[in-house]
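First, one chain by itself in structure tokens, the form predicted alone.
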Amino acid sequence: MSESAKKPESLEDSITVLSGVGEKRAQALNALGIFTIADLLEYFPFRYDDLAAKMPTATQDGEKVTFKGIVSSEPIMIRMGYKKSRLTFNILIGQENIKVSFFNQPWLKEQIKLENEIAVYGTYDAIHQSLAAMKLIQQTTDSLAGIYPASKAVQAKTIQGLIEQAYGKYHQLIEDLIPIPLQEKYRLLNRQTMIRDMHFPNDMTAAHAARRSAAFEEFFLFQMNLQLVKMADTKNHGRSIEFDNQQVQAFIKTLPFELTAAQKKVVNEIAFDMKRPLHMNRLLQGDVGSGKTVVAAIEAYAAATAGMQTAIMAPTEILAQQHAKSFGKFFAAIPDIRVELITGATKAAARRQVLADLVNGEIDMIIGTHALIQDGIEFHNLGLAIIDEQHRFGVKQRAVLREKGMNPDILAMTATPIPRTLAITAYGEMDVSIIDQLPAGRKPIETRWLKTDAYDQAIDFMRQQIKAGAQAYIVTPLIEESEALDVQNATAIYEELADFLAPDIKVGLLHGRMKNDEKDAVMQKFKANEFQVLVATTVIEVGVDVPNATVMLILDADRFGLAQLHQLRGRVGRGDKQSYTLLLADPKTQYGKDRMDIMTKTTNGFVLAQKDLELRGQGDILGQKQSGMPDFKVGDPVADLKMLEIAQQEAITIITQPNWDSVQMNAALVQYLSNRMARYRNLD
């Protein structure tokens, strides 16, 4: 029996069982991610062409349409160069003659006969009553035709034919993956019908219903797998941090300010997780200035009361130094707590001493950059790892830090607000705590968008604020001039303003090419108000805190991402004075204008992040590959957010049930998840 004649056994059968799939075609399909019958059946169209025939009078100019009529002139072939040709003829539709042109398809001439009825699909030119044809339609029984992603090695028409063949042979083997109660609850199609109508819908109503069911299935399977991975990680790598709650409460009372209600809530959430004999993997989100650092300090102190060490890792040396200073202030009144800083700039002798004391357990909290995960750094009893701006670190780096101790609890922090879509997908394996409240006395930052020709007005406004005792930042995208980009640069602006504002106002310069001690010296002078204007690049995006600075002027603001703009805006408004952000930009596109507009309408980072996601769409979310955003075939996690949230809740409800895999669960779903978990364990 030939391979193509084999009886269908499983959806995991190789595509080579299909007629017309030899070694060469199989390789071409493999390149598209199609190896099995299941892969082929789940290779869905990205759009549909409407093949229902229309009359020219009912067709708009530029519309893609199918015309059905009688060939009313002999087809004429015109050669236009190597492999280029045009085939033209007329078709009579009712009382109208429409000119039809096929480009570079000379073989069609033999299929077009005078006075025969044919159907052609293409783009209609109403002015010239002509059709730029794309395909000659042999049958018009179906009104829709799926259009598939293809390649030079395998055409979309070939893929469609193979899908028809596969569905005809294998459709009886298609089993439901969504539990029947959920199908009924959300009015979903069974899987066999869903796959059929994704590929061969009778109309757009059927296509939409199939897409809705396919998107939910995709989200649901993703969430079921994610929750299982999360559960396995929690159970397999856990340890309990038995901290002294009374000591922690006493420490909180020593702080020079009252915690906000939001801070108290997240402190309790994190502390509860730390005390459980399960592995903590929690993400702490807090908008700029919301007070994440003090929360980190409280949890680090809790670990210390349990005799465990804490590692705090920051993305830059400036931010690591800022944390070290903050922690130093928090624990100044507690002499038995030792905090140390170690970075790439730490002197050799000091480094050796710190490393020795770390191994001996004499250091309670160690703060640093990526240097903390380098070889040669060992801990006495690492219980908690706090990773600031965690999206800047790779998964492998976090795993290395975790392996430094007995699988320490992990608290990741970010001041980059993560929209709900990303929290559910890219960060779905983490529990999330959110500080959604700013400290008392903080006033919302007023943001204005100005065209670049209003630069002089912006400088005048800045001067007025400085005369009233304030300070200001001016941020530019580049350090020096670039012929590639027509943008301002820090060096030129600094030189211009230093002369223009003298002698009443002094100007400083800060950029990433400076040495660390130079940066520190500049920031110390700015904090001390030795100069009132700081011209800088985005090096001030994080880790700089000058309460007296109330003006942020960002030049060529449309060159920055929304998240960056929001981070920069957060450098002002740190005190109790009214603060301002001025965005100078001349965006050329509507998208650019919308970005500037939304910055002026909200200072809520979470609202801004979601709007940014909506503006940019699924294809460009924070740099999709970098963010860990999964590639969904059908579902759009931005447009289908509500569906994604429902799928997550249903998955959590199922997974948290005792013996979930034997209670009203499809055998096919259990097997699917079992296979996925087996892969996960092999990778772990």
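All values reported here derive from a predicted model rather than from experimental measurement. All residue numbers refer to positions in the sequence shown, first residue = 1.
The following text describes the form predicted in complex with a small molecule, which does not appear among the structures shown.
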For this session: Note which of N225, T260, N407, T305 lies within 4.5 Å of the small molecule in the model of the complex, where distance is taken over heavy atoms; exactly one does.
Result: T260
Seminar exercise, completed: From E429, D436, D176, D545: within 4.5 Å of the small molecule in the model of the complex by heavy atoms is D545
Problem set entry | Which of 362-370, 289-297, 147-155, 347-355 sits within 4.5 Å of the small molecule in the model of the complex, heavy atom basis | 289-297
Exercise. Does each of H279, R282 and F379 have at least one heavy atom within 4.5 Å of the small molecule in the model of the complex?
Worked result: no
Problem set entry | Close approach of H199 to the small molecule in the model of the complex, 4.5 Å, heavy atom | no
Exercise. Within a 4.5 Å heavy atom cut-off, is R569 in contact with the small molecule in the model of the complex?
Worked result: no
Exercise. Does F330 reach the small molecule in the model of the complex if we count a contact as any heavy atom within 4.5 Å?
Worked result: yes
Exercise. So, in the model of the complex, is K275 in contact with the small molecule at a 4.5 angstroms heavy atom limit?
Worked result: no
